[in-house]
Each structure stands twice: as C-alpha cells, then as structure tokens.
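Take a look at this single chain in structure tokens; it is the form predicted on its own.
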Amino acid sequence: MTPAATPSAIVVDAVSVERNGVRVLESVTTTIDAHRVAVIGANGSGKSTFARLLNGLIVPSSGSVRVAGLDPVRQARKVRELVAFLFTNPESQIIMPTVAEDVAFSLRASGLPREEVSRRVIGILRHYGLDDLADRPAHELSGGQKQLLALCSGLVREPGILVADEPTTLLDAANTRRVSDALIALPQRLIVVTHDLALAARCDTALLFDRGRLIAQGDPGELIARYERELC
C-alpha cells in the first residue's frame, strides 16, 4: 500500500510504457511524498523510464502521472518549471561556451531583470564552488565540475523537484562523493536513479524496480539488501 497523497506528492497510477512494441514499464502505481527518494534496480529494469515520466520526457502508454497535481503531458510547461532533470552525462546539458553563460541560459525565458539573472548565476556558482571558473570554457572542466555545472543550470531556476538519472555513474570516487553530498543537501525534493547504493542508502525512501515493474517501496537499507540478495 502506498502512502496517502498530499498536494505536493508525486502520484503514479497504473502507468505502463510501451516502446517499439515492448513493455518497458508495467502497471506502476506509487505515491512519492518523501524528500529524498532513491530509485534502484538492475539495468533495463525501467528506472530511467520511470524518472522521465516525471517531467514529461516520456509519455505513458496508459495510466496517469501527477506531479504536485500537475499532468506532465498536458501541463508540460508548468511541470518543467517545477521539475529540473539531471542526466548521467553532463555534456548533454551543457550548451553555452562558458560556465556562467551556461547557467544564465537556463533563465533565458524567465523574464527576470539582467541584474537578478546575474545575482542568481553568481550565487549558485559560489554555492557549488564554481565561481572562480565562471569565465572558463565549459568543455575544459573536469567530469565532476561539469556535473556540478549541470546541477547549477538546473537549480538556478529554483525548481521544487530535482530528478537525477545516474548522476554519479561517470565520476571517480572523489567526485562521486562531492556530487552525492550536493544532492543529499538539496532543499528540493530529490528523485535519484542510481546504481550507487551508498547514495541510495542516504535517501529517505527507495523504489525497487525489476523487469519493468515496481516490486517494492520503503526503507532504503531493507530494499538495498533485498536487491543485493535477489536481483544482483
């Protein structure tokens, strides 16, 4: 049984996703109301498909998704203002030549005054230790710095939710810890798809997927143990 929904909850009701004639998600139903949520499971279990439902990157074949009461398909613009998405490879999100320009690009349609854009950009770069790199070409950053830049570009819009899809997969141990610490400290609700079980263990709750189905939801320690025992 899933917990009762609050107005800020993410509610997924009987969602299936079919791609090229193959069911990649099958009848997923859940309510997410925790602050930090880990999504775990083997490769191909449906984790990333599930994550992409939450901001409309993937459309359900059947069933419904509501994010704080919003439909990611019919209210896509509002949902994407609410939900930021962090991809595995930050190169797919870095668009502009320099660090500061890339963060500012996220605010291009905000209508904010130039002074406010500058304030936000400088503030978030300082918060994540990238302010000294503001004028550096983005492609010259290390892998960890690029992932933090992608995080800054998502968070500068001040969303309420961050969905992160395998954000530490391409990082070394030191940068994995740095990015993990940054994610866990977020005031925003965090939904993190991850094979990093140490990161998953630091979340408040976990979802365990297997072969396109959500098979368990609950305490991260218990679900990690089940995953390692039954599915690895």
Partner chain sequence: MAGPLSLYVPGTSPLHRLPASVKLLGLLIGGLVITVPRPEPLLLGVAAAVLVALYLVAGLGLTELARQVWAVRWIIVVVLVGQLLFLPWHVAALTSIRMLLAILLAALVTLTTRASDILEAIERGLGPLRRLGVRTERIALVLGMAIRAVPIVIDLASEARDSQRARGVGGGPTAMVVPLLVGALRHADDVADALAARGMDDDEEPVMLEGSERLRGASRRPPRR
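Computed from a predicted structure; not experimentally measured. Residue numbers count along the first chain shown, from 1.
Here the subject shifts to the form predicted in complex with its partner chain, a form of this protein not shown in this document.
Taken together, the three residues Tyr128, Ser180 and Arg202 all stay farther than 4.5 Å from its partner chain in the predicted complex, as judged by their closest heavy atom. When you look in the predicted complex, the only residue of Ile184, Val59, Ala198, Ala174 with a non-hydrogen atom within 4.5 Å of its partner chain is Val59. Screening Ile94, Ile122, Leu133, Leu162 for any heavy atom within 4.5 Å of its partner chain in the predicted complex leaves a single hit, Ile94. Proximity of Asn55 to its partner chain in the predicted complex falls within the 4.5 Å heavy atom cutoff. Contact check for Ala76: a heavy atom falls within 4.5 Å of its partner chain in the predicted complex. The closest heavy atom approach of Arg211 to its partner chain in the predicted complex falls outside 4.5 Å. Put simply, Leu148 is far from its partner chain in the predicted complex: not one heavy atom of it is within 4.5 Å. Looking at 137-151, the residues that come within 4.5 Å of its partner chain in the predicted complex, counting any heavy atom, are Ala138, His139.
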